[in-house]
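Quick setup: one chain, the form predicted on its own, written in structure tokens, and binding and motion questions come after.
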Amino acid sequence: MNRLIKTMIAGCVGLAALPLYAQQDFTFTAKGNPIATHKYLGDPAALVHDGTLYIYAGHDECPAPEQYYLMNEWVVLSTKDLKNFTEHAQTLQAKSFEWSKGEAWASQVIERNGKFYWYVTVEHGTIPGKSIGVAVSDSPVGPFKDARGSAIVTNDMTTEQTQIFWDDIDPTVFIDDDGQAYLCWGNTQCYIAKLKENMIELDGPIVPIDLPRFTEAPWLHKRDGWYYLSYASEFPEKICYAMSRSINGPWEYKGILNELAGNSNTNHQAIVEFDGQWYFIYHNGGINHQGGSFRRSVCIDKLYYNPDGTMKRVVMTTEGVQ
């Protein structure tokens, strides 16, 4: 990428004097929502490990006023207090996977047996359509490397349910109390499959999940014996969710969890418990003054449950969790 284009992109987020790609750790203080205003970040996923909250997000690089998705890498943020954040120099790029031809779409990281597995969406280099890859590291901030040398899910594995080329996106990964790991993903059709303990191979068939109003961005979490499957719904997207007493369903639709995220047609969530409080992490277009959905920003608000286990609708705030 030439210097002029890099300057244009950096300028659209107010950091023309700083490099587009971090060469060293960069610390900043959140002053509300969005939490980061020095660059555009979307599709957040979250991991809590050893008292630290890590956020993994795609980097929206589309220069204003252009309107298209331009995402080449994912960014790692960490915080211990939800106020002071570090953007880590180690990133993961779509072309870190040699079999990929690019496009760093939504992702998620999970820890198992002292290793950190980063499941990502990329465009496959030889098989038409989106695919899911997995990278691994000994640290939640990397460096990460391709764990397989090939995709774990490709578009030709899910043609019975839909013929579109972008249904294999937005991986979420979940490890149940019995140690069984699951990979869940999808667009227009939601899928789930067991993972082997090595976390880089499927362990059984791909099973479709029927969810009302499902568009994309599934996220699995568990609390007090309830399984929760939240997801982006319709377009423009809001977040809806379903509950079950079993990871295998049946899933009971519970309604809207988060309304349309301002100035963004897409909506993508992570739900985690951190320091005794549950949080809803998502993106909006809060610092994008040119409109559209291609320069997004990460936000955090508190999440609350009702006595029956259902989740209260998220109140999106500009103040954030401070």
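In this text, the rigid core denotes the largest set of C-alpha atoms whose superposition between the two forms falls within 1.5 Å. Throughout, we count residues from 1 along the sequence that is shown. Because the structure is predicted, anything quoted here is derived from the model rather than measured.
Although not depicted, the form predicted together with a small molecule is the subject of the following passage.
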**Prompt:** Looking at Y279, F26, Y54, Y69, which has any heavy atom no more than 4.5 Å from the small molecule in the model of the complex?
**Reply:** Y69
**Asked** the small molecule isn't shown here, but in the model of the complex which of W219, Y191, W105, Y241 has a heavy atom within 4.5 Å of it?
**Response** W105
**Message:** Residue-level question: is A135 within 4.5 Å of the small molecule in the model of the complex, judged on heavy atoms?
**Reply:** no
**Prompt:** At the 4.5 Å heavy atom threshold, is H283 in contact with the small molecule in the model of the complex?
**Reply:** yes
**Prompt:** Is there any non-hydrogen atom of T266 lying within 4.5 Å of the small molecule in the model of the complex?
**Reply:** yes
**Prompt:** Does the small molecule get within 4.5 angstroms of any non-hydrogen atom of R296 in the model of the complex?
**Reply:** yes
**Complete:** Note: the small molecule not shown here; in the model of the complex, the stretch from 137-145, 110-118, 205-213, 163-171 having heavy atoms within 4.5 Å of it is 163-171
**Message:** With a threshold of 2 Å on the C-alpha, tell me if P63 counts as moved between the shown form and the other one once the core is superposed.
**Reply:** no
